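In structure tokens, the next block holds one chain alone, the form predicted alone.
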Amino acid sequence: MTGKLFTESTAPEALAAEPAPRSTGWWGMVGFVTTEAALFAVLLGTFFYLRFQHGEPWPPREIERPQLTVPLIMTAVLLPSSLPVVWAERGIRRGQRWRLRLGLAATIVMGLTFLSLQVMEYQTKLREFTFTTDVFGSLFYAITGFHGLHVAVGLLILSWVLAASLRGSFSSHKHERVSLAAIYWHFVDLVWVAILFTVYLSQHL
């Protein structure tokens, strides 16, 4: 019985079914995302720490509570942008390059829309307070600006992958860079959820 189990487990079919080890690129991206997540955790933790140290009112009296309309629209644009990436990645796994291109293009448009809304919000906020107005202003622009920078980097990565796909660089057996770009973009989306709660929603609780 033992011999039979050993023979079956070492058969070519069984060995071929074993999951492939993670690549260096995958571990590199996961390590990078983990590091960036720690930086955001420090920023958001600092926000709550200084808020409780400052006491009420928060934000300080000269600053109104953040309006939720624009941030919620930004959320409605950014969070669903992960869906076209998932659709694109699954498409290229099946060798459907048109799905990869269409999905990446849709995500890029949604990411650009998010950044445009953020610029519009900044134009309004800067008339009310700046980075040097007080501690709330410093944290608001540091946190949201740092995230906006990550969105911009993510758009550059996706644009580079899209350009490579137009050259026929990816196939059902060669698409690791698509997966790595997807990991980064999902991270950007998840971080925004934490920022939305910390910087915007928590001020109304």
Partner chain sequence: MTTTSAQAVPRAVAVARLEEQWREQRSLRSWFATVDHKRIGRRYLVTAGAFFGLAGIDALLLRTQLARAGGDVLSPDQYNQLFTMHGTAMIFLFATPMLFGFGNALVPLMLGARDMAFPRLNAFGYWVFLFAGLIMFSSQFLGVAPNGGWFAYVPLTDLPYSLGRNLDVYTLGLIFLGVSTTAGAINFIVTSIKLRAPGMSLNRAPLFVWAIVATSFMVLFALPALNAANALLFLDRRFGTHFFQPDAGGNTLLWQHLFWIFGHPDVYIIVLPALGIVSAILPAFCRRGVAAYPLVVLATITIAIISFGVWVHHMFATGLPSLSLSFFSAASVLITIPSGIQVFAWVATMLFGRIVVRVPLLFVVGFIVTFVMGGVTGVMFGITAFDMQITDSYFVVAHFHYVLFGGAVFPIIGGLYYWLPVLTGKMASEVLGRWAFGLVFGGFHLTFFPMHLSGLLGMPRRVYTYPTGLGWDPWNLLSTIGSYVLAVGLLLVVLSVVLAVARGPRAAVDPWGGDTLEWAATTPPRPYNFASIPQVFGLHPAWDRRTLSRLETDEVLPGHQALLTSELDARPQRLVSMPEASLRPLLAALALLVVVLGLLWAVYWLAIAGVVATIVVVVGWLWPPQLTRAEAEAA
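Just so it is clear, the model here is predicted, and its values are computed rather than measured. Residue numbers count along the first chain shown, from 1.
Another form exists, predicted in complex with its partner chain; not displayed. Remarks below refer to it.
In the predicted bound form, at least one heavy atom of T132 sits within 4.5 Å of its partner chain. When its partner chain is considered in the predicted bound form, R167 lines it closely, a heavy atom lying within 4.5 Å.
Within 4.5 Å of some heavy atom of its partner chain in the predicted bound form lies at least one heavy atom of L139.
Shown alone here, K174 lies within 4.5 Å of its partner chain in the predicted bound form, counting heavy atoms only. Counting a residue when any of its non-hydrogen atoms is within 4.5 Å of its partner chain in the predicted bound form, the one hit in 90-107 is R97.
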